[in-house]
Ligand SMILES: Cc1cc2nc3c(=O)[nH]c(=O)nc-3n(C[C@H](O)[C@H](O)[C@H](O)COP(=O)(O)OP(=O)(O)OC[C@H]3O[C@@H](n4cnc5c(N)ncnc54)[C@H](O)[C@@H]3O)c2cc1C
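The form predicted alone is given below as one chain in structure tokens.
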Amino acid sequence: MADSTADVVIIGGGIAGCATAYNLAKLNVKVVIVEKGNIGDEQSGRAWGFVRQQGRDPVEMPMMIACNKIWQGLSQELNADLEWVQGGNLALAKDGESIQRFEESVAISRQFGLDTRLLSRDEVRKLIPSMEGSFIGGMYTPGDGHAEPIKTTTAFARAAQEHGAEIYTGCAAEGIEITGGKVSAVITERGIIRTPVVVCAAGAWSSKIGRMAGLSLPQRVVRATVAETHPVPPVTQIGVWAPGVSFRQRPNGSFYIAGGGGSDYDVNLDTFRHLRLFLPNYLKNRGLFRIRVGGELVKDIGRRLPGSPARKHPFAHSVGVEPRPNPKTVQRTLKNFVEQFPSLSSIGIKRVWAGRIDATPDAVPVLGAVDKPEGFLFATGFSGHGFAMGPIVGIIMSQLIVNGESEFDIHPMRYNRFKEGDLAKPRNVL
């Protein structure tokens, strides 16, 4: 790639970046995506595939309700099979405390006109008769659904290219040039792209991209393990969050199962940044994480040493490197799944993988422009909800860039809220 120019450069080829490029390209904006690996290589191709309005933070609710409507027609819009299934989303309660939390969530949902219901155990069993686990009730949103992450992300990328967007894979951003307080270029490993606007949609790598522009984004990254089973006859179209396991059945009959025992957090040098901001939500949800101290910290120290290749090529160590799945998590997840469905006790695992989920201190995204440098915008920090929110994020970012404002209130998602101490209240993450 020779040195070039663009109206907008998007860093990151996940669903947020590709959806933003698609919506900008439709408006005849000259947009370029730079991606260090391939499209959907990171979490946008590794997500569980849930698309839910249920259980959202109130500031996200209007966006996600609008996004759900987009999902219903997205396969037709992108002319692609996204495996979209609008079977609803069901969260199961194991005790009275869970029921109380669901009651609070239902009350919030109803404020926004969302059809979310509390169900008794018998009502849950009517929805999924073969499920026999130890739950006492549930929370159900019939309008929710699920889709296949890598198919959706690549469909957005193809559609963006068809409208004129350029996509450079195997092309990491290695620097951001700022002139007179304004973004002026993105320096990549294959050349310089002159541009007045940069969108950071880099997921787990967003804090590192932000530092290239002099910004300090509070971010943590957890390693989540997922397994796909061998296909079985149809059981349910509902996406389910049960005690110790979450699952959905694909149209081909296989199940994606995850969540058994929570996610792994690998301590690194960034662990000590913004520690105070992360403590409230961590304490509220500490049962969802297992902290690992060891190899990743040592490697990170090595990458920061003077003369390290990572100083010049900060993302080279991550390209083509698979996050490590946790085999114990797979065992626990499968055990918990079979407890829900004893009739599937002989089900086998087809494949296993892991992904990096990025999170902010309040588990709310960071969307929009920063004060300085002018022309730099974030579309990141989705805290496990990026795949579901991707289509509406693309619209919001294009509105901000082209019109200077969005139809949605994204003030609670601004970058400056961390400095101002104006974070969403700590809450239990479903």
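Residues carry their position along the shown sequence, with the first being 1. Worth saying up front: this structure is predicted, and the values here are computed from it rather than measured.
Not on display, but discussed next: the form predicted in complex with this ligand.
- None of the heavy atoms of residue 341 is located within 4.5 Å of this ligand in the model of the complex.
- Among heavy atoms of residue 356, some come within 4.5 Å of this ligand in the model of the complex.
- Though the partner is left out of this view, residue 376 does not reach within 4.5 Å of this ligand in the model of the complex, counting heavy atoms only.
- Residue contact with this ligand in the model of the complex: residue 201 places a heavy atom within 4.5 Å of it.
- Of the residues given (397, 34, 31, 366), 34 alone sits with a heavy atom within 4.5 Å of this ligand in the model of the complex.
- Exactly one of the stretches 327-335, 176-184, 128-136, 223-231 approaches this ligand in the model of the complex with heavy atoms within 4.5 Å, and it is 223-231.
- With contact defined as any non-hydrogen atom lying within 4.5 angstroms of this ligand in the model of the complex, the stretch 125-153 contains no contacting residue.
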